[in-house]
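Quick heads-up: it's one chain on its own, the form predicted alone, in structure tokens.
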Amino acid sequence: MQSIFDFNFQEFTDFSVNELGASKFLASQVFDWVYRKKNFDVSTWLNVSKINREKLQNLLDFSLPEVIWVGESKDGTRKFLLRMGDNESIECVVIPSKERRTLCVSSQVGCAIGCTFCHTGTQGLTRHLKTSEIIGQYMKISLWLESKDALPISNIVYMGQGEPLHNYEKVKKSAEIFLEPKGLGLGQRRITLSTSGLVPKIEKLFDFPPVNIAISLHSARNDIRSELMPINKVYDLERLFKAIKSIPLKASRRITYEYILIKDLNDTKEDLRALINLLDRRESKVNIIPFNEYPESTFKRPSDATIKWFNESLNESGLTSTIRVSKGDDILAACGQLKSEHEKKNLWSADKKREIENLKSQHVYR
């Protein structure tokens, strides 16, 4: 059964006419009930005819991911572990600030890029998420926040588990649904798409909804970037920036370059000069992210003095640079870490269960 959350508005309009034999107006009614009212009990949709309600109930799935675990940081950050229909799990995070509530969504179960600083990269790729599973993160967390009388989600960032452009078509459709005026109606400036630098898909962004773009850069030197991000061995800085020039930017828009600052690796004067020489001052913004240490990593966070010096030097050069404040350090902030710990427990439980069943079959277990 197909999920209602897999359709963008045009697709559901076509579905209403071709599969349900209904008018185009049904799409507006359904999107209003689902996305604006967040009511998934079709039997209560009294402005929809009984026959159409029955067809919708028989043909479409309105279920959402299941919340397995919620952690709340002392700074208000909330981290969620969600279970999909096939029992695979993913993370998403709600990050509070003074003026907004940002939801960081995942686009894949695991990730194939293998960045050496990223905990998710140690898991490998299991599968892409469906559009419905990306939208489902927003819908489920929105309902959860409403139940707690918390402020609603105002912004979306595709910065959770996975490389969004590796799952290009499903992510593109999810962005269309987030932006749909008859549905969720989020503004273009409230959505940010992040990529590690998948050049062939960056070259397709002319066909993507006009949202904010963030590039995971992390070094302006090919040798260091290749050490951090194996994708650079295939799509080096020259190829990456050639592709970036093809991205259609609206007036006054900039590309954000994410730069994880790591002690003694990419925080030197040489790294600083390379970054200043690489970026266009008019169309670039640098977001410095001090490395967030986790147990298995050999990388270290730079000193506060180094972080401040790096940021101030970029600003003095004419670039716009900010330091991202770390959020949720006390609830396993490293991307993928919570999922890894959860799966270790599940793996142990599954192995133990198989061991017990094997003993039973041999009449040894008492």
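Numbering starts at 1 and runs along the sequence shown. If you're wondering where the values come from, they're calculated on a predicted model, not measured in any experiment.
The same protein also exists as the form predicted together with S-adenosyl-L-homocysteine; that form is not shown, yet it is the one meant from here on.
* Quick one: which of 95-103, 167-175, 182-190, 215-223 gets within 4.5 Å of S-adenosyl-L-homocysteine in the predicted complex, going by heavy atoms? -> Result of the contact check: 215-223.
* **Full three-residue contact with S-adenosyl-L-homocysteine in the predicted complex, heavy atom 4.5 Å, for S3, Q29 and G136** => Looking in the predicted complex, the three residues S3, Q29 and G136 all stay beyond 4.5 Å of S-adenosyl-L-homocysteine (heavy atoms).
* Is the gap between E163 and S-adenosyl-L-homocysteine in the predicted complex 4.5 Å or less for some heavy atom pair? -> Flag for E163 set to yes.
* S-adenosyl-L-homocysteine contact in the predicted complex: Y257, any heavy atom under 4.5 Å -> It does not: once S-adenosyl-L-homocysteine is placed as it appears in the predicted complex, Y257 has no heavy atom within 4.5 Å of it.
* Any chance S284 has a heavy atom within 4.5 Å of S-adenosyl-L-homocysteine in the predicted complex? -> No, S284 sits far enough from S-adenosyl-L-homocysteine in the predicted complex that none of its heavy atoms falls within 4.5 Å.
* Applying a 4.5 Å heavy atom distance criterion, does M84 contact S-adenosyl-L-homocysteine in the predicted complex? -> Judged by the heavy-atom cut-off of 4.5 Å, M84 is well away from S-adenosyl-L-homocysteine in the predicted complex.
* Residue among C118, A274, L198, L145 with a heavy atom within 4.5 Å of S-adenosyl-L-homocysteine in the predicted complex -> None of the other options qualify; the answer is C118.
* **The single option of L205, I153, A243, M159 touching S-adenosyl-L-homocysteine in the predicted complex, heavy atom within 4.5 Å** => Partner contact (heavy atom, 4.5 Å) among the options: M159.
* In sequence order, which positions of 288-314 have a non-hydrogen atom within 4.5 Å of S-adenosyl-L-homocysteine in the predicted complex? -> The stretch touches the partner through I289, P290, F291, N292, Y294.
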